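Given as structure tokens, the chain that follows is alone and in the form predicted on its own.
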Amino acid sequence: MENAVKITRTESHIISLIQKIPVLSYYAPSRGWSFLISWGHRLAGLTLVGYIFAHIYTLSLLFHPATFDADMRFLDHFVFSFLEWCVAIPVIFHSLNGGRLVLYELFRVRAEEIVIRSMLIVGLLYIFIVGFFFIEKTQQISATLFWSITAAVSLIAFLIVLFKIWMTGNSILWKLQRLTGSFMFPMLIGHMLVMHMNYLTGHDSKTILLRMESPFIKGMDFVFIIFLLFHAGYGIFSIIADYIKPGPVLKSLAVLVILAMAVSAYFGIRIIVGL
């Protein structure tokens, strides 16, 4: 039997503060932290789905650069900038916890305390790094170089998971959910990071349109939007299926989810191709 990992004084203090939150103080003792982490993963995912829809709408304004720039100037207010930075929290939590689940499901990594502790440390570092870049707004990096490295890491993660799960008896949708998640694990984290390393990269129409002239960037965005929307759609359906029994209602909701993701994919691809 593995020795239990000792909780540090800092971690004990953080847990005591978290347990004072009404909802958590009820569910932590009765359902356990695994239940809370599971629902945290789902809520973070749903938050990111909303962000995806808003992001697609904002990028559609690039067909009218002056309108896009005016919208970005409006969103440059401190309140909106702070909220944009806060999106890094569900991004890093959902990504790292998804990686934890893949390690558990496919590679039988069961050292939960160590993995969760590592997630916390890496997550906090990532959030502070994003915040630093967001405040500085002075970094410069080649989009092609950055995305080439990120795409290579994503492809490696994709292939590792592919070789591990493809011959298993799980459903094709279950496999695709893990595959798209493994590919987007580096991509989503990288996207959030690079958008804040140089402010103009994600907030200036000329900079974005110049980047979108690259066939490589267009190809990466195409794969990204398809994988992202499939992952989001299947995730939403999985949550619905946990609470609604198989039947006409579940089928109707599944159709609605498919339509919502298909429409979003249409507009996303239209933006990528049209710019």
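Residue numbers run from 1 along the displayed sequence. The structure displayed is predicted, hence computed values, not measured ones.
Here the subject shifts to the form predicted together with ligand HEM, a form of this protein not shown in this document.
Heavy atoms within 4.5 Å of ligand HEM in the model of the complex map, among the stretches 109-117, 148-156, 196-204, 162-170, onto 196-204 alone. For the residues Ala54, Leu36, Ala241, Leu46, the 4.5 Å heavy atom test against ligand HEM in the model of the complex is passed only by Leu46.
Candidate site formed by Gly98, Val102 and Ile225: every one of these residues places a non-hydrogen atom within 4.5 angstroms of ligand HEM in the model of the complex.
Shown alone here, Phe185 lies within 4.5 Å of ligand HEM in the model of the complex, counting heavy atoms only. None of the heavy atoms of His64 is located within 4.5 Å of ligand HEM in the model of the complex. Not displayed here, ligand HEM is approached by Val87 to within 4.5 Å at the level of heavy atoms in the model of the complex.
Heavy atoms of Ile127 never reach within 4.5 Å of ligand HEM in the model of the complex, leaving it off the interface. Residues from 209-225 that approach ligand HEM in the model of the complex with a non-hydrogen atom closer than or equal to 4.5 Å are Arg211, Met212, Ile217, Asp221, Phe224, Ile225, in the order they occur in the chain.
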